[in-house]
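Encoded as structure tokens, the following chain is the form predicted on its own, with no partner shown.
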């Protein structure tokens, strides 16, 4: 089929790694194939590009030349799933070519790039959507509804603590995320999800951050180190040994492709030049007066989060269990609504099918189904993307300087 001969939304993907090929390729087609068609694929690594193309529609334009793909495939929408620090240039290029953009989070890694994207969106009249799939998880939607309902009165403070285990957390230290120049730090790359949830839950803008960050487990803290897990002499004694050969999908996308650019998917988590934090805390002040206590730890024996909203008439609390060694709810979450009269309501929310507890399919449908409605404002645009990035940039700067940072001033200062 000629890629131009379709009545569906024509979609191009730039960045054909795991997220681009899986979440935005195979999964999106499974969820929304009746509304969209993938007409173009592009990646700077030709080997990875062609490995991805083998798993996606045969009639897509496949090229390492992004400009050529945009010109030939003529997508309505470009999905950006490249390395974080490359997002801004690609997003602006697409907007100026008259193409709408869906970008993986974070939208960018610097305040200056956020400003560039916001200006380009306004100048061109095109739209940027940021893939905040956690907004679409059923539990997140229920929390948003409870907070907005006033059940606990005026929200005064929030406790939000996210735990990454030694499988998921370590993975950020194997890949390009381990360097601030590429990811902005986990305050930007990972916490952008969490900061966006806070902004959406509270329906307010963050204004000030005071943060601290350290590298306590990975990087230079390691008892030994090598270049990568494959062929490492310490494989038998390293708690973070990762046998990528057990995952043919990763081998197809990354191992053969590494011969082209040297990027490996299983680099040593103890590399001495790692400069992001694995232990982070932040105090965030919101325009509506809410105070937030936030933390992120990337080497825990558990995976999930603890979240509580404290209000003038009660408290909403949830402990979300994603992975741990003890008995915990499976496939569902329990939210507690506590009144100041010591009343307790327990609300059970079932997870949905698909990734991110059911959030991924709903996100795809919100973006591709022309009849989708959005009564709770789950679909996130460039401003939401910028606010979450700026919170992370401010937190990183605060951790580096030891001083509080005003968030919105970063847009002027860059």
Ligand SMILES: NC(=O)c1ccc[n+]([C@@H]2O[C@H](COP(=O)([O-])OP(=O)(O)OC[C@H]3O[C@@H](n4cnc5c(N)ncnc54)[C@H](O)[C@@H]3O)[C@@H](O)[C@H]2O)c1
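Positions refer to the first chain, counted from 1. Keep in mind the model is a prediction, meaning the values are calculated, not measured.
There is another form of this protein, the form predicted in complex with the ligand, and it is not shown here; the text below is about that form.
*Asks:* Among 81, 185, 77, 139, which has at least one heavy atom within 4.5 Å of the ligand in the predicted bound form?
*Replies:* In short, 81.
*Asks:* Tell me, out of 356, 50, 383, 379, which residue has a non-hydrogen atom within 4.5 angstroms of the ligand in the predicted bound form.
*Replies:* After the contact test, the surviving option is 356.
*Asks:* The chain here is shown without the ligand. Which stretch in 383-391, 368-376, 37-45, 53-61 comes within 4.5 angstroms of it in the predicted bound form, by heavy atom distance?
*Replies:* Going by heavy atoms within 4.5 Å, the stretch is 37-45.
*Asks:* Within 4.5 Å, heavy atoms only: does residue 88 come near the ligand in the predicted bound form?
*Replies:* Close contact is absent here: in the predicted bound form, residue 88 is far from the ligand, nothing within 4.5 Å, heavy atoms only.
*Asks:* So in the predicted bound form, is the ligand close enough to residue 18 to count as touching (4.5 Å, heavy atoms)?
*Replies:* It does: once the ligand is placed as it appears in the predicted bound form, residue 18 has a heavy atom within 4.5 Å of it.
*Asks:* Decide whether residue 395 counts as a contact residue for the ligand in the predicted bound form under a heavy atom distance cut-off of 4.5 Å.
*Replies:* Contact with the ligand, no.
*Asks:* So in the predicted bound form, does any heavy atom of residue 193 sit within 4.5 Å of the ligand?
*Replies:* Taking the distances in the predicted bound form, the answer for residue 193 is yes, it comes within 4.5 Å of the ligand.
*Asks:* Scan 157-179 and note down the residues that get a heavy atom within 4.5 Å of the ligand in the predicted bound form; none is a fine answer too.
*Replies:* In sequence order, 175, 176 come within 4.5 Å of the partner.
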